[in-house]
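The chain below stands alone and is given as structure tokens, in the form predicted on its own.
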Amino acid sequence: MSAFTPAELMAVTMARLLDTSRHVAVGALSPLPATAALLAQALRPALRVTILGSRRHLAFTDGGRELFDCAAQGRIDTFFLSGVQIDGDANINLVATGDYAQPTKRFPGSFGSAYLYSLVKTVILFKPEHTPRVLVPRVDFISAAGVSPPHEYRPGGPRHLVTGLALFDFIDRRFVLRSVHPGHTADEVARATGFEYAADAVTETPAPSAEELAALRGPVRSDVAETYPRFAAKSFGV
């Protein structure tokens, strides 16, 4: 049995990407990013964390609208996004698969993803499932575009993608494989990825440290349970 769970490894990997952030915001129904943000805050208390749906970590009185205002003012450094599909241009799909007029499946929709994707300086994409089904050559519907034409003003965008198998950086409009999680291989990542990416100096993702695991399974787990009790109950090691 592994010394850590897959959710713990993903949370730790995302938390480490927040080392230069001052204010991290997490959208609704996002327990894994919430865990990562709270872990980063536990290890660096000066970090401000805003979590939609939380009572402890939401200073806004008007929810999403204030979040959007903060993003427009440049007061959010990092945000997290995911989708039912993600492609090699970092486009995400939150709307439907198949033909839009007659989709095979419909999903909740985009809400403010396109807006925040363009305004927040660092957006971390995440997807626990790493298969050709979700990491596709081209999304069926673009809910939020990963890149914009050169003439468009866009201070924000994708910087990383964390999956259940690996960590990618997004550099010069393409994904670059940075590391492969313990217990997996670069060949496995290649077979499971539907889009093309660069892979130069690939390393192994560092396992969670004793300090990180202690924080996750102690105060962070309790904090996450305030908003996501079921996730907290099943996602952390003993």
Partner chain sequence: MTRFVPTLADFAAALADGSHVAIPPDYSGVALAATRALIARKARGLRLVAVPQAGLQADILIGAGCVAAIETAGNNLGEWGLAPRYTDAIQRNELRILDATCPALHAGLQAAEKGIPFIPLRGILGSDLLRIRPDWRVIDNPYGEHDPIVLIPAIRPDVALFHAPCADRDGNVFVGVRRELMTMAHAAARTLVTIETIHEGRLLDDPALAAGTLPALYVDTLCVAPGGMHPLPFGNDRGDDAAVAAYVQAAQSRAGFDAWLAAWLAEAA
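Positions refer to the first chain, counted from 1. The structure presented is a predicted model; accordingly, all values stated were derived computationally and were not measured.
Keep in mind that the form predicted in complex with its partner chain is missing from the display, and what follows is about it.
- Message: Taking its partner chain as it sits in the predicted complex, is residue 119 in contact with it (heavy atom to heavy atom, 4.5 Å or less)?
- Response: Flag for residue 119 set to yes.
- Is there a non-hydrogen atom of residue 229 within 4.5 angstroms of a non-hydrogen atom of its partner chain in the predicted complex? Residue 229: contacts its partner chain in the predicted complex.
- Message: Can you work out whether residue 143 and its partner chain are in contact in the predicted complex, taking contact to mean some heavy atom pair no more than 4.5 Å apart?
- Response: Close contact exists here: in the predicted complex, residue 143 approaches its partner chain to within 4.5 Å, heavy atoms only.
- Message: Even though the partner isn't displayed, in the predicted complex is residue 186 close enough to its partner chain, meaning a heavy atom within 4.5 Å?
- Response: Judged by the heavy-atom cut-off of 4.5 Å, residue 186 is well away from its partner chain in the predicted complex.
- With its partner chain left out here, work out from 150 to 158, 164 to 172, 75 to 83, 122 to 130 which stretch has heavy atoms within 4.5 Å of it in the predicted complex. Every other range fails; the passing one is 150 to 158.
- Query: Among the candidate residues 200, 196, 211, 62, which is the single one with a non-hydrogen atom no more than 4.5 Å from its partner chain in the predicted complex?
  - Reply: In short, 62.
- Item | in the predicted complex: members of 77 to 105 within 4.5 Å of its partner chain, any heavy atom | The stretch touches the partner through 95, 100, 101, 102, 103, 104, 105.
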